[in-house]
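One chain follows as structure tokens, the form predicted alone.
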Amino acid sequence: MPGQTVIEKIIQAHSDEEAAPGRIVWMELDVRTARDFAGANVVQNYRTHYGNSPVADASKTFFTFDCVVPAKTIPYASNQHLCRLWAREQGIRVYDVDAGIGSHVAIEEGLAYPGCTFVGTDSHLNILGAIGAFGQGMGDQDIAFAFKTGKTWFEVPPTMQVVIKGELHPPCTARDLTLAVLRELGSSGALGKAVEFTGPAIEALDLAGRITLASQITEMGGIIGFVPPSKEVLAFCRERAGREVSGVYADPDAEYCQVVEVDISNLEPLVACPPSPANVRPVRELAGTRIDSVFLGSCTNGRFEDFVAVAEVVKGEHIAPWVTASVVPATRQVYARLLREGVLETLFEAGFIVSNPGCGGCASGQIGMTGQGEVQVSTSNRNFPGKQGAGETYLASPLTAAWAALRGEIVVPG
């Protein structure tokens, strides 16, 4: 019998059936969640199918509000409160509108850990591959079923291996590495597959960088992207989970459906141009493009390290007078550290608008939306028409976004 890939090992550990690619198996779930987007539908589906019966395990079931926080419309406020009231009935914890992005909260709070299975209503829940966990977004009825039973069915996907050749050198960042992979794979190159990343540059990534990389697998068509946990990541997860955790790694003789090499030896800063995250070009080719706004945040680049990188660029400077620039930390913990260490003050003095933790510009109507004809540089993960408003959005690293904010146009970061 050949060795197993990461996803095969994780599913096998949570199923009584053989976790071979193409097989549909029943999988036990360590954690099941719903966010404020679709959360009310989960509750309604649950009530329709299961009445007032208790969930399988309230200690493993959570709500995470992050899309529209605080609620900006009466319908959103009503949906959020419906979830709160039902959570009280069921004894379920709610990470409410002040907590931040659910997937990030899961990592910080130790709800997610290497090797666990974690589902929710977030299409980017596969970001948990950053710590070697299996995360997956699912529909309202599927999550209601998961709440009730603590399990789900899942088709074991084939796994492709992405080998990163070379190392990252400034001013290139984990976001530029991620865009390089997107350029190579396109929007469907990982379609229906799990991805395992390997190479010296991957091993050198800190947790924030791993989150950035894992967060864009959805835009490559992939099921999930796994980054093998480093000693530092394992130590972080142990401390947050409050117990021993171990990484899950592929066997040396694991079988891959495809092996792709991405050489970053001569990597330069990149940007994803409208209308697709896969429309990747070197920043230098876009230099001089006038911009109107900048958005810093999202599950892709909303970590403490991302904002520190921006603060180092803009300290003592001020953004261009015609530019509106906004900052949305990923979580309350990130926000608190930015406050304690003076980073938010630096950004504020440079002219940035600072908002509360959450998804920000990725959620329609929240901070970071664009108007007709507006050109924006954003650190979010999608730039499809309408995703961040009616304007045009260029996706870039925090460094590239910082320099664009200062100059009022896209420039190669210095």
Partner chain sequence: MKPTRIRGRIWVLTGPDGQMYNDVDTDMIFHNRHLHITNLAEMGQHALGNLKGWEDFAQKCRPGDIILAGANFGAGSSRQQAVDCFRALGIAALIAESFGAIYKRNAINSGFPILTLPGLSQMAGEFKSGDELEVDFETGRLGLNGEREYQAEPFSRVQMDIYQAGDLFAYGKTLET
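Owing to the predicted nature of the structure, the values given are computational and were not obtained by experimental measurement. Numbering follows the first chain given and starts at 1.
As for the form predicted together with its partner chain, it is not shown, yet the points below apply to it.
- Contact annotation for Glu203: none of its heavy atoms lies within 4.5 Å of its partner chain in the predicted complex.
- Under a 4.5 angstroms non-hydrogen atom cutoff, its partner chain in the predicted complex lacks Thr198 among its neighbouring residues.
- Although the partner is absent here, Phe348 sits far enough away that none of its heavy atoms falls within 4.5 Å of its partner chain in the predicted complex.
- Proximity of Tyr335 to its partner chain in the predicted complex falls outside the 4.5 Å heavy atom cutoff.
- The stretch among 370-378, 383-391, 60-68, 42-50 whose residues place heavy atoms within 4.5 Å of its partner chain in the predicted complex is 42-50.
- This chain appears without its partner; in the predicted complex, the one residue of Glu255, Asp263, Glu155, Glu89 with a heavy atom within 4.5 Å of its partner chain is Glu155.
- With the partner omitted from this view, the residue of Arg84, Arg183, Arg240, Lys148 that lies near its partner chain in the predicted complex is Lys148 [heavy atom within 4.5 Å].
- Within 4.5 angstroms of its partner chain in the predicted complex, the stretch 6-33 places a non-hydrogen atom from each of Asp16, Glu17, Ile24, Val25, Trp26, taken in sequence order.
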